[in-house]
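Single chain ahead, by itself, as structure tokens, in the form predicted alone.
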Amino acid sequence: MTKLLAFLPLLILLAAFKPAEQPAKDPTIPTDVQALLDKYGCAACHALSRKLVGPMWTDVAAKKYSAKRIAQLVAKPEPSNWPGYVPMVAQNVPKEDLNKIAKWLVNLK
């Protein structure tokens, strides 16, 4: 119960944001990867060419993390890596899907 209360301010903050109109899907994101980003809610906070709640995918790629490091940070985020953004809550993405997303990010220019 106390863990839930700890996330309450974050949930209130997120609820205060008006969802942005969904732009047309970016053709540079492979369809299978976009499907995973949508399925696991990644696309709700991240986009390729504009800042939302979280950093742009291109900004994440610019950090030059390995696919393994990206997977670690999705499972156990470190907010100190992204000052100025709402801290990401740990995500539970199956390993196979997470690896596919992470490999795409590593290769993103």
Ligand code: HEC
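Here the structure is a predicted model, which is why all the values come from computation and not from measurement. All residue numbers are counted from 1 along the displayed sequence.
Separately, the form predicted together with this ligand exists; it is not shown, and the next lines address it.
S.K.: Hey, with this ligand in the predicted bound form, do C42, H46 and L73 all fall inside the 4.5 Å heavy atom range?
M.R.: Judged in the predicted bound form, C42, H46 and L73 all sit within 4.5 Å of this ligand.
S.K.: Would P79 count as a contact of this ligand in the predicted bound form, using a 4.5 angstroms cut-off between non-hydrogen atoms?
M.R.: Yes, contact at 4.5 Å.
S.K.: At 4.5 Å between heavy atoms, is L108 in contact with this ligand in the predicted bound form?
M.R.: No, L108 stays farther than 4.5 Å from this ligand in the predicted bound form.
S.K.: Since only the chain is shown here, I'm wondering whether V53 would be in contact with this ligand in the predicted bound form (any heavy atom pair within 4.5 Å).
M.R.: Yes, V53 lies within 4.5 Å of this ligand in the predicted bound form.
S.K.: Is V33 close enough to touch this ligand in the predicted bound form, meaning at least one heavy atom pair within 4.5 Å?
M.R.: Judged by the heavy-atom cut-off of 4.5 Å, V33 is well away from this ligand in the predicted bound form.
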